[in-house]
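Given next, in structure tokens, is a single chain: the form predicted alone.
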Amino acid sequence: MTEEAISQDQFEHLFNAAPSFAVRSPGRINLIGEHIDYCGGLVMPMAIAHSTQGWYRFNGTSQVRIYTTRFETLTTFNPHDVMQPPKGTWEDYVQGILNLGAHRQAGCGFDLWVTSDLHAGGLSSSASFLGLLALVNHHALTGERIELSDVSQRLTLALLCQQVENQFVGVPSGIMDPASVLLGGLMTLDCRTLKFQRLQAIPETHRLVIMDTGVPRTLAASGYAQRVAEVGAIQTLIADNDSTNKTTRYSELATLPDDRVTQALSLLESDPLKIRARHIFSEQARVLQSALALENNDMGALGRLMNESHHSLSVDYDVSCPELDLITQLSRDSGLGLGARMTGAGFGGCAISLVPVEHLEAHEAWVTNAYLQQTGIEPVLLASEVAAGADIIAL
């Protein structure tokens, strides 16, 4: 029996009815452009095959019942209880979608069974879960499934997911993750305007390999919030010292014009603000250079840019950790990968490496053995391919 059939059987056993729909929401890696999404920068996310999966049916009541295999918990939600405060648990993501997604109609409840293979940090499991919830909730309220081609509605849902994380869950995240899981594919995304451009996939001669360090991102939430606060401080200093236009507020730091970058860095005399800004400006340039490398099918250049990105994230932005630094260095030292960098918020979780297909097995064996020997942790390496955006299928 397939995993899908097992999941449907478990749904039927739990809810005493068969599911009517299946839904899948991908995870994502960020090929390059880390920690500049909340600065209004240009980023390069890629949806991946690893995903959050769900099966659901409309239950004819106003209640929403959700079972998650991750926590082995069945929870019932009342969408009309808009005064329900956050609890600091996974339920906040559901309650936030119901509250901010204006789930007010009677009789629009649903039963949902959720599982996921996004077990490693840095693959945007929270945005994947939110994207799934947003699609299912919209379907329950309107009776309509949003097509993959309906970019406008999908971006609207992405903004809702970001709002839930920012205002209900309490994480000051950017728009990149929900936009990536709902739109799918490999793209450049302007986080200020939401304009995006589809990119050609990594050529079949190469793969992006996800390297899970096995280290949980225990400091990611607090560290992430601290970096967002530092960006705000940088923006304020630059704007307050703008002698040409006192009314200008550089609220989108990554889009600072080139002729103002040098001046901006000169204003930031003290670390860590100066080196934080240095990462933001250099990372933005690397996204543009990486897009050109992809267009020219220059995987060597793309690998070098990935290496530069990790160094900047580790040294200037200080969001790496010893294990991320080690596993990326091992990938380089193997001589089998073209470049490696952390992906996601950092402080643990995953890195990615660009590896020629003919070297995949040797690269995995070399990195796994060396990392295990030095840390006592056996990493998980997975070759990834680009995936479509979150979608619903009628059963």
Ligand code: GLA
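Residue indices: 1-based, along the sequence shown. Quick caveat: nothing in here was measured; it's all calculated off a predicted structure.
The protein also exists as the form predicted together with this ligand; that form is not presented, and the subsequent description refers to it.
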{"property": "Option touching this ligand, based on a heavy atom within 4.5 Å in the predicted complex, out of Ile66, Ala345, Leu330, Leu354", "result": "Ala345"}
{"property": "Among the candidates Ser290, Ser173, Asn137, Gln235, the residue which, in the predicted complex, approaches this ligand to within 4.5 Å (heavy atoms)", "result": "Ser173"}
{"property": "Check all three, Asp212, Glu364 and Tyr371, heavy atom within 4.5 Å of this ligand in the predicted complex", "result": "no"}
{"property": "Listed range touching this ligand, judged in the predicted complex by heavy atoms within 4.5 Å, from 204-212, 138-146, 265-273, 175-183", "result": "175-183"}
{"property": "Partner proximity in the predicted complex: Tyr224 to this ligand, non-hydrogen atom cutoff 4.5 Å", "result": "yes"}
{"property": "Proximity of Trp55 to this ligand in the predicted complex, heavy atoms at 4.5 Å", "result": "no"}
{"property": "Residues within 4.5 Å of this ligand in the predicted complex, restricted to 316-330 and counted by heavy atom", "result": "none"}
